[in-house]
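Only one chain is given next, in structure tokens, and it is the form predicted on its own.
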């Protein structure tokens, strides 16, 4: 596909945005099933099972302060329950123009500021300190160029080697089907990206991260991006079920809140996705969905 064709291939754009919405539906159903299964013993066991609440949003007329010409919107899906203290699964499809000071940072936008972007973004903050928090997102972006990006990473309060191995094995399996070079490359990228330089520490135990994926074979890149989503859906509920019925202490909860503080620091200081959303006139609530409901600093 030539660069010029990227901006006019609406069929591919529709296929990608439809996939992201379908993945959202499957994840929400899986997480609601987990809410129904909790038996305890912990302080949230007697609470009612959570359910996702969806809220649609539309990109406002001028695309926000930095957005330029606008279009599109998205749907926020938020659940507060007894397993998941807060989990958000958001989808969006937007188009517009990048601001002058942002164009140089986006491939192809220096030639033409128009863009189209669609994706899914998920962050789960469990009630139990023994259940790892998780982040997953996949996206398709089109300027005069077109590419996929995304990944998934795990952030436990108390790292569990079996959890880490299972999570990485699932992502490696998704990668290896497409290219055995993907997993080591994207794992290293994740380790470098999800790192807090001001504290000199990783955010969690990693996963994979990729961006600007354009091999020249759109179908191949789209298939890989779908498999990343499927791998996440296959493994993370298993990790939640391994620990959600274990009892936990007040001290463990306190350490969880401090760990969440690190999560907030990364997302507000270093995360490129947060910057992209704010710079393109996205919905602020949806962009900051990743922030936990409660946190603490020592």
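Numbering follows the first chain given and starts at 1. The term rigid core refers to the maximal set of C-alpha atoms that superpose within 1.5 Å between the two forms. Just so it is clear, the structure is predicted and the values come from calculations on it, not from any experiment.
Here the subject shifts to the form predicted in complex with a further copy of the same chain, a form of this protein not shown in this document.
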Looking at the partner-bound form in the predicted complex, is residue 265 within 4.5 Å of a further copy of the same chain by any heavy atom?
yes
Non-hydrogen atom contact residue 233 with a further copy of the same chain in the predicted complex at 4.5 angstroms
no
Exercise: residue 49 in contact with a further copy of the same chain in the predicted complex, heavy atom 4.5 Å
no
Is residue 220 a contact residue for a further copy of the same chain in the predicted complex, using a 4.5 Å heavy atom cut-off?
no
At 4.5 angstroms, heavy atoms only, are 89, 192 and 207 all close to a further copy of the same chain in the predicted complex?
no
Sort through 93-101, 109-117, 170-178, 196-204 and report the only stretch with a non-hydrogen atom within 4.5 Å of a further copy of the same chain in the predicted complex.
196-204
What residues in 123-157 sit within 4.5 Å of a further copy of the same chain in the predicted complex, counting heavy atoms only?
none
C-alpha of residue 17: shift of 2 angstroms or more between this form and the one not shown, rigid core aligned?
no
CA of residue 278, rigid core aligned, shift of 2 Å or more between this form and the one not shown
yes
